[in-house]
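Single chain ahead, written as structure tokens, the form predicted on its own.
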Amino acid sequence: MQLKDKVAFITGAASGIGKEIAIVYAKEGAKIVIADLNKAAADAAAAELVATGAQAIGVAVDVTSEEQVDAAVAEAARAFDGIDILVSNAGIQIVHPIDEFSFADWKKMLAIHLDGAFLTTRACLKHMYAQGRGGSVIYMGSVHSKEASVLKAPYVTAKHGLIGLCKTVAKEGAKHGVRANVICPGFVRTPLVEKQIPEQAKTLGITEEQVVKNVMLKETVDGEFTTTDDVAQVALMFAAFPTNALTGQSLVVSHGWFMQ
């Protein structure tokens, strides 16, 4: 078991990529904190893991709220005696051309993706540093951490910003044995992506099938979506890696959409 008795705090973990990471981590022996805006969904996801024999709890958290983040991390640390892994995964998507993007939506996107990453990182690092057993901080970036697409200005901006935050955490955390890395998935057919398909079809004036084939998967080598398990396996590698040799990095998982 690669993560035996490690405590993993995973945001946005009641569904999609976050839930898959929680499942993979639990199978590897981790104690799981399902942190989600929806408390009922978080509790339900945690109950599913408990039913398989894992240790898991659900906590409610709005990652843009300093008070809620600090309280949720403190609750998790009390429940499981510390925090060893943070997966900053919570996110949303809003698509519009830049000239039609409201400032309110711009600020909402950056708050969830960047403020949320900062607040959860700060709260978890305090525990990781005090524990003296190192740790791993994992950010859910995107191919849009490396590339741009139309209609997604704040998302692209935020995902680029996560790489800068990651590199700083890697440098500051090294002396405490804390690593930081970014996963950069291509399109994963989660509820977040499903919602984008009709939105982009309407904005671009094309069919939903054309959005999938000619926009989302056009640049992949095989026309395939990245899966939640693809992403979760990379998250496992980053969480389990034993030394500072792998830190400050961003790894693209996209069926070749973006090649470094």
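Note that residue numbering follows the sequence shown and begins at 1. Keep in mind it's a predicted model, so treat the numbers as computed, not measured.
Below, we turn to the form predicted together with nicotinamide-adenine-dinucleotide, even though it does not appear here.
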task: Select from the listed residues 76, 169, 90, 182 the one whose heavy atoms reach within 4.5 Å of nicotinamide-adenine-dinucleotide in the model of the complex.
output: 90
task: Only one of 125, 188, 94, 156 comes within 4.5 Å of nicotinamide-adenine-dinucleotide in the model of the complex by heavy atoms, so just point that one out.
output: 188
- prompt: Can you check whether residue 201 is within 4.5 Å of nicotinamide-adenine-dinucleotide in the model of the complex, heavy atom basis?
  reply: no
- request: Evaluate residue 178 for contact with nicotinamide-adenine-dinucleotide in the model of the complex, applying a 4.5 angstroms cut-off between non-hydrogen atoms, and reply yes or no.
  value: no
field: nicotinamide-adenine-dinucleotide contact in the model of the complex: residue 16, any heavy atom under 4.5 Å
entry: yes
message: Can you tell me whether residue 112 touches nicotinamide-adenine-dinucleotide? I mean in the model of the complex, with a 4.5 angstroms heavy atom cut-off.
response: yes
field: One stretch from 76-84, 95-103, 127-135, 141-149 that, in the model of the complex, holds residues within 4.5 Å of nicotinamide-adenine-dinucleotide by heavy atom
entry: 141-149
- prompt: Does any residue in 24-49 get within 4.5 Å of nicotinamide-adenine-dinucleotide in the model of the complex, counting heavy atoms only, and if so which ones?
  reply: 36, 37, 38
